[in-house]
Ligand SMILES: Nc1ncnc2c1ncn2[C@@H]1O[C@H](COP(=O)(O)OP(=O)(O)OP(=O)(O)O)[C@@H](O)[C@H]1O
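As structure tokens, one chain now follows by itself in the form predicted alone.
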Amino acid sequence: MNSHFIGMMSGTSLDAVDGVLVAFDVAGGSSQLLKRASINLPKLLKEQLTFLAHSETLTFRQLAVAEDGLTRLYADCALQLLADLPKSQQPLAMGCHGQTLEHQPNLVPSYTLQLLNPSLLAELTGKNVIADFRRRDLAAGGQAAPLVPAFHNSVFRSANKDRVIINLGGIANLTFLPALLLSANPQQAVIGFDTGPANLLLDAWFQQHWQLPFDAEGKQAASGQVIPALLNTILANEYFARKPPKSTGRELFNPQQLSSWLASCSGSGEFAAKDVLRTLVEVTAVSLVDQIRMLDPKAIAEVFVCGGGWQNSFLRARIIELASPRPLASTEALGIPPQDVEAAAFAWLAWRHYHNKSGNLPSVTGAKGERVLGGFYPA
């Protein structure tokens, strides 16, 4: 008999809260997406969260106001998913990621902060909530990110084809899934890590210069030219050469850092905005495909893409060109629309927690071992 769980998340791009209702079979390896909902972050809330993510000084009041507003947005998304549901599809729990404000797994002490009030969310929705997924992996010595590769391994892995799953969110990350039956090393582990920036810098630059949320289909970027000095400056950052396990976020890739990179290579002139945008597309595509080539040197893997960046047709075209001859498609071909994969992953993590099963992959995060992730907040 199937069991039902809701998954909800808001990513580094700070664009929306996305939610899905998913039915899982007894083993949890087969899932069916039944319903989805998405609510854009209001301008004021987005400004509050951006401030909190980059401010060196803030107050508890500022944290509380933003947390309350975000939690109520999560509740609105959940109530859309719960509307008119038959009794047979009522979720056992909701897996909720919250909004990452800062992620520093390599500092001492390490820490990661996702903003959410799960107690209030349970109160507003009348449903069990499972949240705070990252800190247990961090406590076990892991990076606590990315967590989604464990879900990719469960639902996307093939018996006879190596696969690479790319997520183009605010940050780009990938999962390498060796074929279960045909791998030269049957014990070869799943690998997953953040490769660098994706929508985060693209959207921030576009919003600054065009006053619109994002570059639809990458049209403005396509009209620009790559700035070699800027491309080389960004790709020279030590993060790109670091070996996995690794993860990153706004702490490294942010508008302030981009301004610093621009200043270091601009000389006496200024770069055209569309050329900077074009260069940022190249940063994402090159840093991503370099890692695919490292993991798949014989170019035999299938590549599937999820995340909001799939809608950027110019970015997609650059990845296709650089990754050739590997075939590339969206995760729609594997049964889950690209915009819903991350939310579905948190429904799966909630399913895992509910059944006292581990939710991390130590080969991905570097944790000491498998751990049950998240905390339970009863309705």
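A quick note: this is a predicted structure, and the numbers were derived from the prediction, not measured. The first residue of the shown sequence is 1; numbering continues from there.
A second form of this protein, the form predicted together with the named molecule, is not displayed here; the remarks below concern that form.
Chemist: So if I measure heavy atom distances to the named molecule in the predicted complex, which of the stretches 224-232, 138-146, 302-310, 108-116 falls within 4.5 Å?
Modeler: Only one stretch qualifies here: 302-310.
Chemist: If we define contact as a non-hydrogen atom of the residue within 4.5 angstroms of the partner, is Ala241 a contact of the named molecule in the predicted complex?
Modeler: Contact check for Ala241: no, nothing within 4.5 Å of the named molecule in the predicted complex.
Chemist: Does any heavy atom of Val20 come within 4.5 Å of a heavy atom of the named molecule in the predicted complex?
Modeler: Val20: no contact with the named molecule in the predicted complex.
Chemist: Can Gly359 be called a contact residue for the named molecule in the predicted complex at 4.5 Å between heavy atoms?
Modeler: No, Gly359 stays farther than 4.5 Å from the named molecule in the predicted complex.
Chemist: Quick one: does Leu168 come within 4.5 Å of the named molecule in the predicted complex, counting heavy atoms only?
Modeler: Contact with the named molecule, yes.
Chemist: Would you check whether the named molecule, in the predicted complex, lies within 4.5 angstroms of a non-hydrogen atom from each of Leu177, Gln291 and Asp296?
Modeler: No, none of Leu177, Gln291 and Asp296 comes within 4.5 Å of the named molecule in the predicted complex.
Chemist: For the heavy atom contacts within 4.5 Å of the named molecule in the predicted complex, list the residues of 201-225 involved, in sequence order.
Modeler: Read in sequence order, the residues that approach the named molecule (within 4.5 Å, in the predicted complex) are Asp203, Phe214, Asp215, Ala216, Glu217, Gly218.
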